[in-house]
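Just one chain is shown here, as structure tokens, and it is the form predicted alone.
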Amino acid sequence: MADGAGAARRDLTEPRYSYGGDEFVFVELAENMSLSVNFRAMAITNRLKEEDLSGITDICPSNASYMVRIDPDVLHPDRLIEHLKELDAEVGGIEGFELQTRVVDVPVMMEDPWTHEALMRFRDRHQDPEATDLEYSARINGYGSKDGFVDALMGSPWMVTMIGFVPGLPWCYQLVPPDEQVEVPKYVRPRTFTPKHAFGFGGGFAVVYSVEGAGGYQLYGIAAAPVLDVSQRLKDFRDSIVFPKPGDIFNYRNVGREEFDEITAKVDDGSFEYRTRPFTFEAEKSLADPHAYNREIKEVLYGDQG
């Protein structure tokens, strides 16, 4: 059943407000992730940013929650919580929620040699040591082949719902009805190595590993361009070392080795820029008819390519 606007109401629970020492207030909107509850978190935190209240030093939206950092000498946490309750009542459901965002083309080479080498090193930590991560994920999600599974991953865009785990790592949730959401468990025991820029999947989230390190998500491929640039050498990183932002709409696009090499060469010489287009995201339209709205999103991103 599609996650329509009516279903959005059923996803929501009474928010839980918690203190984190003197400087933090944590708000849990729901126990389970869904697009509707994530849209609600963005609606509340965006409204809070617009208000620019004195004493608030940071606002961090997450999948089904958010956290606010304050200067307690300026703004008492109890006063903040009372205000957040008012905002919550004003926002209500997600009716009318619009997000000024951008749509981004994210090239990924699936089944690349680097992540394949990494995942094969750790088969003893995997649920199915005889299969690759892609083969295992396709099978448990009911796909007859890994190609069909890849088509599903690349067929619809994804919302960046939060940034975390390591700096710059985007958590992405696909804009499809709940019964089409891919779900895959993490490794039985985590790897001690994951290549930088690996395209992975765990639970219901796709990620691009921003840095090399440990990890437990299934590995499917590798992104051609970085999501984190601490040197800020590339144009897309001049305002921030982190490219993705909560609310971005990523369209992961499967590319071959030739295009992958062309993109990485541009990254190396500093000329690479992500293909992006501004977009006004309407939550109700997305939940009411995800496939039609996704076609509209892709038209905005690629329509001028003919």
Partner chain sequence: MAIRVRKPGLLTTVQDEGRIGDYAIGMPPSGAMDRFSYRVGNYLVGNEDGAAGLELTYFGPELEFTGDTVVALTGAVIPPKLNGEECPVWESFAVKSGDVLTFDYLRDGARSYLSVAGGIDVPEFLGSRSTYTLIGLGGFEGRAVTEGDELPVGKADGPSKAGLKLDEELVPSYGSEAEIRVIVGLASYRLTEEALEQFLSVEWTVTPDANRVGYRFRGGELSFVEREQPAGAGSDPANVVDFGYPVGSIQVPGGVEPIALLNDAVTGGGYATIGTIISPDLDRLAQTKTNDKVRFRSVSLDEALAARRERRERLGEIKASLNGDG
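Because the structure is a prediction, the values reported are computed rather than measured. Throughout, rigid core stands for the largest set of C-alpha atoms superposing within 1.5 Å between the two forms. Numbering follows the first chain given and starts at 1.
We do not show the form predicted together with the partner chain, though everything after this point is about it.
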Practice item. Decide yes or no: are 23, 32 and 165 jointly within 4.5 Å of the partner chain in the predicted complex, with each residue judged by its heavy atoms? Key: yes
Practice item. State yes or no: in the predicted complex, is some non-hydrogen atom of residue 120 no more than 4.5 angstroms from a non-hydrogen atom of the partner chain? Key: no
Check your understanding: Could you tell me if residue 42 has a non-hydrogen atom within 4.5 Å of the partner chain in the predicted complex?
Key -> no
Check your understanding: Would residue 89 sit within 4.5 Å of the partner chain in the predicted complex, counting heavy atoms only?
Key -> no
Check your understanding: Given that the partner is absent here, does residue 217 sit within 4.5 Å of the partner chain in the predicted complex, heavy atoms only?
Key -> yes
Review point. If we take heavy atoms and a 4.5 Å cut-off, which stretch out of 146 to 154, 95 to 103, 224 to 232, 110 to 118 is in contact with the partner chain in the predicted complex?
Key: 224 to 232
Review point. Of the options 255, 59, 53, 263, which one has a non-hydrogen atom that comes within 4.5 Å of the partner chain in the predicted complex?
Key: 59
Exercise for review: Could you list the residues in 130 to 156 that come within 4.5 Å of the partner chain in the predicted complex, counting only heavy atoms and keeping sequence order?
Suggested key: none
Review point. Rigid core fitted, is the C-alpha displacement of residue 282 between the shown form and the other one 2 Å or more?
Key: no
Exercise for review: Kindly check if the Cα atom of residue 296 is displaced 2 angstroms or more between the shown form and the other one relative to the superposed rigid core.
Suggested key: no
